[in-house]
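Given as structure tokens, the chain that follows is alone and in the form predicted on its own.
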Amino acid sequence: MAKKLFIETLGCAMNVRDSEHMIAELNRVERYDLTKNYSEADLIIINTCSVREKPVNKLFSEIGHFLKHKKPDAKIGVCGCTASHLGDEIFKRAPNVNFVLGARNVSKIIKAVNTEKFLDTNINYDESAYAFGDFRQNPYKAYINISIGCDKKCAFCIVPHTRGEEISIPHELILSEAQRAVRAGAKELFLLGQNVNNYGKRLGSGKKGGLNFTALLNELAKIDELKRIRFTSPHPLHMDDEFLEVFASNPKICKSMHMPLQSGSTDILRKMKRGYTKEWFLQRARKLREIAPDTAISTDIIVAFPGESERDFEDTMDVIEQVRFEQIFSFKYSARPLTPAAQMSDTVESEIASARLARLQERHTQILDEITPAYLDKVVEVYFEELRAGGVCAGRTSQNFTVCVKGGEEFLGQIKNVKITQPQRSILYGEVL
């Protein structure tokens, strides 16, 4: 009889893939059926995020809630980035947790479940060549890790301390996984890494060389039944002409580019240790708009990083005006442990930070209201991958815009032409032609 598994995934797409890897590993030796009801689960896993403070705070409240309602013999495990940086402190704060498994140790999940008070948060562990089993919660889209860890030393970021140094996964493993996913019905690949366009700089076991990212994209595009390739996140520093030209010219690469700005101020970018300037970012964005004008550009912005002056913030607003991002993920600076920025004393007052964030988000909303009406009566290609309530089927354009139509399972896994009848900021509504 199968056991039941409840898994809560917090944070990024890489965490989603790590959760899928854990599910695949567990099912190698014992059948686990997924459940959305944690009170009936035999195993509860919280796969955590530590990029910002809020998900970390949520962890311990979630543990307390699960303990009150779980089955008496159910096990609870904490995995992911918060597990990496808190380690055995999790046992001290929540002694009823059964195991703690770091983000760099996913392949050890079976041992973790079967060992009481198991703890492994080794960020130097190399599982880049480990062949995980196949499991995907969405059969129409395949997340594929192409690297683990991060070599960047951004002053605000805890990831190098939770996922270790950057190592590229051998391209043979990536191509094999992609081919299996496509044979199973996926028409879209989503490549994952902290800095995907730095792929190939270093392999595991000290090896060097191999394909670079543009070459990997070209190899994946040769898979016959594959229709779309996405990736996140590329680093602006590594957006050379070769990369941008392959992005623009390869028809299988979706025309959606995430360019994490973080700040528009060269001075703040220097404090952040981002490695590029405002001018470099703008030049890359202009070239992208020039050679691939149908591309939608998204970004990340941190408001009120320590030392940010009003002039620095105006530089950020200037980049927003010039690039006119189709999507912005914006946050007030959140100090993270183990990072250089957490030791900086020139913090920005909370009221000023909130006002700046509100102003940025309001202006971006205005830009979206200027952009969105152009989609009325436009015909777009949509890959449908999700059923929603009310007889609605949802999918995405190449530019990563969500499109909803009336329909059901007959559209799932299909690419259809859709005429947009009701464009809104976050969702485009239309009719299948």
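Don't overthink the numbering: it's just position in the shown sequence, from 1. Note that this is a predicted model, so its numbers are computed, not measured.
Although not depicted, the form predicted in complex with a small molecule is the subject of the following passage.
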Only one of 314 to 322, 242 to 250, 334 to 342, 106 to 114 sits within 4.5 Å of the small molecule in the predicted bound form by heavy atom distance, namely 334 to 342
Among Phe231, Phe156, Phe213, Phe99, just one has a heavy atom within 4.5 Å of the small molecule in the predicted bound form, namely Phe156
Contact with the small molecule in the predicted bound form, heavy atom within 4.5 Å, among Glu172, Asp88, Asp267, Asp300 goes to Asp300
Within a 4.5 Å heavy atom cut-off, is Asn198 in contact with the small molecule in the predicted bound form?
no
Should Pro260 be classed as touching the small molecule in the predicted bound form when contacts are defined as heavy atoms within 4.5 Å?
yes
Arg52 near the small molecule in the predicted bound form, any heavy atom under 4.5 Å? yes
- Non-hydrogen atom contact Gln194 with the small molecule in the predicted bound form at 4.5 angstroms: yes
